[in-house]
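Heads up, the chain shows up twice below as structure tokens, two forms, tagged structure 1 and structure 2.
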Structure 1
């Protein structure tokens, strides 16, 4: 298992480096002269040359790439934002915790509410709990997140005035973005959990467990859920990987200064260092989270763990015996 982990870790690093090279190359070939963008059309040719030299963009491509990679990965210096004159790395350090908290809590809320809802619906199949959950899921999966967010703002910020509608002053600022982001997710997870549990409900081993004399409650929690929730956790795990990159809509609506808003502003103003920095950070986080999630599957489902072990050993020390 350790071998598997190391192999995956190596691959993750490779993925991050590849992402860095890719984004650098793409931004390099995108049309637009950075010096003109910064100084505007009234700059003289001398000024432009000056700025180009300052930014280092008059050097050949490979030299720039090399220097960029060196700076980013060895010195952790992602450069300075062209329009804000602040260090990109510093900006990221400030914003990553905010976005991460937003994304993480959103997913946690989604799971904590959605999974029990789904289990409840499945174990009360065809009764009102089931119908209620299905309707809820249908409604909230069909409406766009931002619409829900705007409704919340109008209701809680404007009418009732109990929650702020922008910024990151205190914990209160996190409530509305997390809530509106989570609602759609809750519907989805509830539905998915419900169908996973329903599949398991009719499984033979459930009847076996009952036939052994296990109490119905224990049957649900110790026999049904551990099996039914494996695909559900897969689903939840995948959403964790979008923790960092997926919050842009909420950030925009709530003027929440996180990584998503940073990136979106940078794209609009063609702030190359920020764009590059954000993309690399998002790629890194996604890759690492994905690795952690995959490893957690091994912990939860012994069949997966065996697969991992098999994958990483050359001559399979296969434990399967006829």
Structure 2
């Protein structure tokens, strides 16, 4: 198991480094001159050259890339924002907890509501409960999240005036973004859980458990759900990464000062250090989260953990023989 964890950690580091090289390369070859955006169209050639030199964008590509990689991964310095004149790393530290909390609460709500809905639909196959869950999932998976967010703002903020539509003044500011992001996720996870449970609902061990007189609740949550939970865990993990990585639109709508809004403003102003820092952080978060999802398989299904241990034992024996 330890060998597998170390292999996945090395792979995660490789993914983060590859993402950093990719985003730097893309931003380097993007058309446009940041110096002209900073100084405006009336700037002289001498002023533009001076700003390019200060920003370090007048150097060759490989020199810039090497400096960027060294500062980011050795010195842990993501640079300074060209327009805010503040540390990118400091700005990320300020905003990451807000975005993480927003995504975490959204996925918790999605899981707590979506998984039981999917189980209930599967155990009442082709009945009104099943049809209701399918209809709910179809509607909210088809409707864009930003449209739902705008409807919530109109109804809860403008009409009823019970929830704020922007900022982070109190816990109430989290309610509308969480609900807007969770509805589509609830429909998706409910439908996915339903499909996974239906694959095991008629399995032999389920029939045997029921024949032994085991309570239906225990049959569902101790025998049926753990075996159907592995693909659901993958879906929950990808949904969480989507919540974190896809917060640009949601944070823009609610003026929520998180990583998404930080990245959105940086893209609009061509603030390359901020863009690179945000993409690296999102890539690192995604890679680490998928690693945790893979490791959780072993705790949900002991057979997978035993397989990891068996593979490590075999490799150790082969090395000893050699």
Partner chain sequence: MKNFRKIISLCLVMCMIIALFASCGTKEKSGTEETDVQTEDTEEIDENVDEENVATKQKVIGSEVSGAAIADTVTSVQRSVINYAVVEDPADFDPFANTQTKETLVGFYQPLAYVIKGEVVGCLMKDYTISDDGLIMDGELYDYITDTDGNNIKASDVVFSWEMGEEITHIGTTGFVDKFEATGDYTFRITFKQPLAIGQMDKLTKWNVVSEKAYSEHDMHTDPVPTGPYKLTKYTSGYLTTYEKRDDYWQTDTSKLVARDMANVDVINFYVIPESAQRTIALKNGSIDASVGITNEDLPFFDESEDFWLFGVPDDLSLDLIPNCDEGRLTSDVNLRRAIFYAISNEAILESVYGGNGSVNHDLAPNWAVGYNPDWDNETDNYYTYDPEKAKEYLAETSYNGEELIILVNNSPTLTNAAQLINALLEQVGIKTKISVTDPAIIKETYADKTAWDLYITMDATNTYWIDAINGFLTKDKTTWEGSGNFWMDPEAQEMINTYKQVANATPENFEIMRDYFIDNALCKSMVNPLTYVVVPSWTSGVCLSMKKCFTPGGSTYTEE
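C-alpha atoms forming the largest set that superposes within 1.5 Å between two forms make up the rigid core. If you're wondering where the values come from, they're calculated on a predicted model, not measured in any experiment. Numbering follows the first chain given and starts at 1.
Here the chain taken from the form predicted on its own appears as structure 2, while structure 1 comes from elsewhere. In this overlay on the rigid core, residue 215 has a C-alpha that sits 2 Å or more away from its partner position between structures 1 and 2. With the core held fixed, the Cα of residue 256 is displaced between structures 1 and 2 by less than 2 Å. Put the two forms on the same core and the Cα of residue 270 is off by less than 2 Å between structures 1 and 2.
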